[in-house]
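Coming up is one lone chain in structure tokens, specifically the form predicted alone.
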Amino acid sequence: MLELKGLTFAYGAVKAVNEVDLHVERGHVHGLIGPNGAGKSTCVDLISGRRRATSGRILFRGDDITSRTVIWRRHAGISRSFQRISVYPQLSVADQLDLAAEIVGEPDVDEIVAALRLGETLRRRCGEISYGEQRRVDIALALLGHPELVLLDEPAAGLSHAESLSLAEHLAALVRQRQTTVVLVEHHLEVVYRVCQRLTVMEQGRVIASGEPQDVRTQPRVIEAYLGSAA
């Protein structure tokens, strides 16, 4: 579904992403983890088109999309959520979902509402619901239109432990129902281990490990990179 080949993004002499190779299988939730400043969110920005690569290639379904725009990529089936919630606080949840669904041609908002348990919030303004509920609305917006590839940038940020695990369960169910491929950037490692079939670990812009979660999490280099963190 997605392949990065030698992907690099530099701020002058500083390489925030440094020759990253990544292979994401169709239908998988692929975790992208690492300490702060590892380059994870920059990678997501490059895949979504919000930033342009200094060098390297991005392949989506085998086609080179490195120079394509954000809008082109969204129409082609690449969607994303952000670290910061992007809901409109004055709109009701229903109005926001319906408006976005009309734009992207989503025929079944009810399926997403049910899977993310948003039914009780539909008549309320987004600014009035809890932070965890806003997070679920944000993910619902990213999933509208049946995108083939969804990029989720720290969806559990700011949530309690229980909320994070609940979100992981909802996300896993939606991925199965919609046969969606997900690249998940997340610091909450229990969420990552629950939903991801593959993991890639970054440190200082480079990939230091990649593989199945049970194998990656025991590698000495990965443990060292997470010293002093939640890992």
Partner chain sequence: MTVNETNQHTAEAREPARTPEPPTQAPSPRPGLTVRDALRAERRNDRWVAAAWAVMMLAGFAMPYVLAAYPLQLAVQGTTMGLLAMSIGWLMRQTGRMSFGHAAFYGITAYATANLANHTGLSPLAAVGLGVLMGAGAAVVVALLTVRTPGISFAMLTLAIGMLIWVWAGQTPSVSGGFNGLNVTFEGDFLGRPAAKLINPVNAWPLAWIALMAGMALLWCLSRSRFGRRLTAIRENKERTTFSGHRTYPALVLAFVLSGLMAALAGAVSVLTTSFVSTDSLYWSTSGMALIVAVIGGIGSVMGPPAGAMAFIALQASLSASSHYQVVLGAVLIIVVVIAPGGAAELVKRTARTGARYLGADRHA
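Numbering follows the first chain given and starts at 1. Since this is a predicted model, take the numbers as computed values, not measurements.
A second form of this protein, the form predicted together with the partner chain, is not displayed here; the remarks below concern that form.
| Joint contact, I71, H75 and Q90 to the partner chain in the model of the complex, by non-hydrogen atom at 4.5 Å | Judged in the model of the complex, I71, H75 and Q90 all sit within 4.5 Å of the partner chain.
| Would L174 show up as a contact with the partner chain in the model of the complex if we use heavy atoms at 4.5 Å? | The answer is yes: L174 has a heavy atom within 4.5 Å of the partner chain.
| field | 4.5 Å heavy atom contact, H170 and the partner chain in the model of the complex | value | Yes, H170 lies within 4.5 Å of the partner chain in the model of the complex.
| Partner contact for R50 in the model of the complex: the partner chain, 4.5 angstroms, heavy atom | Because a heavy atom of R50 falls inside 4.5 Å of the partner chain in the model of the complex, the answer is yes.
| query | Do A156 and the partner chain share at least one heavy atom pair within 4.5 Å in the model of the complex? | reply | Because no heavy atom of A156 falls inside 4.5 Å of the partner chain in the model of the complex, the answer is no.
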